[in-house]
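The chain below stands alone, shown as structure tokens; this is the form predicted on its own.
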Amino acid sequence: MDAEPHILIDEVAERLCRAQGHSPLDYQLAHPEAAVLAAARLSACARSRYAEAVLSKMGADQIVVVGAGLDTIGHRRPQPRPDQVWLVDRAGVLAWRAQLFDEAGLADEARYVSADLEDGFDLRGLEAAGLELSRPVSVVWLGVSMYLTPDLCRRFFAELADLAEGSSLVFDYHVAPELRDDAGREFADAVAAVAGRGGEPWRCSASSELVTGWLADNGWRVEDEIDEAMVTSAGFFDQQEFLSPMRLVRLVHARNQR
């Protein structure tokens, strides 16, 4: 629905949506001009593109997607083998995912690991599912931090501290309200109202300095941090009718310092 160059090509996600008959894709196609929908698809595609680029650069061969939901990084290029991807989420979410993939006629051969970050994140669950904790692990954690409290975010960084040397973490977070531009504030207000009514309020935002401190306190060093709009190529937004940048989401690549 947007002009080339496209940020992300995800045929698996499209097939999942088409198999449902009525999905978020229908809203996007029906109203590509709606500002809140355009901002949502830009953000979702940008964060996935960023994670994909980091994993490719790192040559990751053990990928853990935390809060996996319907994430399809294991199905996109550069494509790892199914036994190189672990998907972590609540048991009910993983069951829903399996059902949707089955209904769409798609194989989902990654390893499922049930966990709830509210209860803490135990690396032994991954080890029991075949992850080699003695070797580097690349953790992808997208679209999750804003739903946790700051204390839970810090605890998650600490729980990953025992990963092997060379392990990496890719995640996104919301900047504090005073650091947002008008577009970021408008989008946050619109989505937060809906998310709150649905029982999933946004609870965490921070400055870059604060997030860097949380990571450093738990043995992580920031390798890269950018606004989501910087994922796009030069002149990208000049070619778009509906997409425009906003300052709300930051993307981070961190490495452990062990």
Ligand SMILES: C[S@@+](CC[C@H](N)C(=O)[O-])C[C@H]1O[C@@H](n2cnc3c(N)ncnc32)[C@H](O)[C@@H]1O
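This one's a predicted model, so the numbers in the text were calculated from it and none came from an experiment. Heads up: residue numbers just count along the shown sequence, starting at 1.
Below, we turn to the form predicted in complex with this ligand, even though it does not appear here.
Using a 4.5 Å cut-off to this ligand in the predicted bound form, not one of 74, 109 and 130 places a heavy atom inside that distance. This ligand is not drawn, but in the predicted bound form it has no heavy atom within 4.5 Å of residue 41. Not displayed here, this ligand is kept clear of residue 165 by more than 4.5 Å at the level of heavy atoms in the predicted bound form. Within 4.5 Å of some heavy atom of this ligand in the predicted bound form lies at least one heavy atom of residue 148.
The closest heavy atom approach of residue 143 to this ligand in the predicted bound form falls within 4.5 Å. Among the residues 93, 183, 161, 100, the one placing a heavy atom within 4.5 Å of this ligand in the predicted bound form is 93. None of 213, 32, 69, 219 but one reaches within 4.5 angstroms of this ligand in the predicted bound form through a heavy atom, and that residue is 69. Contact annotation: this ligand lies within 4.5 Å of heavy atoms from the stretch 60-68 in the predicted bound form, the single such stretch among 60-68, 187-195, 24-32, 223-231.
Applying a 4.5 Å heavy atom cutoff to this ligand in the predicted bound form picks out 115, 116, 117, 118 from 100-118, in order along the sequence.
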